[in-house]
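Quick setup: the structure tokens below cover two forms of a single protein chain, split into structure 1 and structure 2.
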Structure 1
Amino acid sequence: MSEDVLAKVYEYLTPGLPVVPIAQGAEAVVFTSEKHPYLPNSGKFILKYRPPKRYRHPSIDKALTKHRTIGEARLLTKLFLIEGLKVPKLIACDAYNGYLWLEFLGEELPHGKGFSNLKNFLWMYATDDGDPYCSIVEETLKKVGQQIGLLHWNGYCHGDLTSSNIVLSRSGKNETSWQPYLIDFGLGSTTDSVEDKGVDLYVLERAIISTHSAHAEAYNEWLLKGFSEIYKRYGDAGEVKLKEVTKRFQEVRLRGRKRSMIG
């Protein structure tokens, strides 16, 4: 990430706050800190900063940064209260300047395979002597599907479902199973629109196809399976809603294929 952006952050924060840059995401720069922003606690915390983007007009930039930072904070607080749904805990939000403080999640994968987001996890099993279809992968993807099911069932959309925006966490080092957390709600929304949900699923399916091409078919099937399980818990009403969403999902997909593509 560029020095200018980092300098800006260090100038803005309380001097001596030990923040270390760890990632440049799709729109934010992400730091970790050992210190809580305002409590005496220590631990591991995330600072997510959306820097101004020079490339876009200042009025677009200001509107987007504010809207997305507030939006993400608001969604995280609501989602955190939903039983079974796993999202990082919000610690603090400074919407005007584009800062969020969050609980840290995840860990480093073994053998230098990188941070434990779903993308690196799937790549880890897809390379070398890993088995991309092993039961841990299947189970994890179904759990991811369940998380998305819970999100949609409760009337929310993520807006940017990719394997980079799903973090896997283990309760202990010896624990073999992973718990997926949904992160990065900057494009998320509160919505009951079937269209939004259909698009959400379509975006995810395409992200899996492009990023995990060789195994995408099985992966998408497992995701959808987990997703459906949640809806099916709610009996007939759930089945009806599930049908609506999957039907729209297929329509959105078909629209993509039918789109005329004149060079």
Structure 2
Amino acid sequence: MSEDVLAKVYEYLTPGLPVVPIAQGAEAVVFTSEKHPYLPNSGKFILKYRPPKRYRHPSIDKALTKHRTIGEARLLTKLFLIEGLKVPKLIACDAYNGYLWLEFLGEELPHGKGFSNLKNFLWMYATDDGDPYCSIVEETLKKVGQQIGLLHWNGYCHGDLTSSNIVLSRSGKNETSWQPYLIDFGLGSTTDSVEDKGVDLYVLERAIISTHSAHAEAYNEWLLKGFSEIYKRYGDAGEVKLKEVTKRFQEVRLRGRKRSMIG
């Protein structure tokens, strides 16, 4: 993470406000903070910042940053209102400067296995005498599939649906029950395109295969089972749409395999 980016963030924030950088992507840098400048003593937060791009003209860069930050904020606000769908709560938005304050989700996994995204969660059960096919893993993956089903059924797509962009939190006092949340909607969109939905499913399938190849067949089967359950709730109309999405998913998968073979 460049010193320039860190300097801009520290300059922007209230003096003395602690932030810790945790991730950097192509579009944004992500920090955690134990404080919010206007919400004292209210928990932990995520600060997402879109830094300026030097290769773009400053006026174009500001316009794009504003547009994309507003777009993500609006999308999160709409998603948060969908019954049953779990996404971060939007706390504040400074679109002109490219900042989003979000609810912090997730926790540290037991036995030092890292942060509770889906990738680390699956690794935890696949190592150190764990059972990668236990009922906890199966039920959690079905819940993940249900979250994706709710997202798609309501006319939205994620755009970057990897196992790192799915965060788990334990449900209440039950240490073996995990609730998945979908995070990072920087590439999210409002769409009913079966192509976009098929791509969402394919991206997650490839993420599971690349990091958990030995167990990927069962994992992806459980994900699709949870996904299908949401569509089947809506009777014949849901069954028709489910067939459309799964058919397109198979087509996207086939195209992906052909590209892998050709190179």
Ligand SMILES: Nc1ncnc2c1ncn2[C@@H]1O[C@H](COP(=O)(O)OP(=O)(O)O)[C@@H](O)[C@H]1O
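Nothing here was measured: the structure is a model prediction, and the numbers come from that model. Just so we're on the same page, residue numbers count up from 1 along structure 1's sequence. Think of the rigid core as the biggest set of C-alphas that the two forms share within 1.5 Å after superposition.
- Structure 2, not structure 1, represents the form predicted on its own.
- Superposition on the rigid core between structures 1 and 2 places the CA atom of residue 159 less than 2 Å from its counterpart.
- Here residue 61 counts as shifted, since its C-alpha moves by at least 2 Å between structures 1 and 2 after the core is aligned.
- Fitting the two forms on the rigid core leaves the C-alpha of residue 177 displaced by under 2 angstroms between structures 1 and 2.
- Here the rigid core is superposed, and residue 52 then shows its C-alpha moved by 3.4 angstrom between structures 1 and 2.
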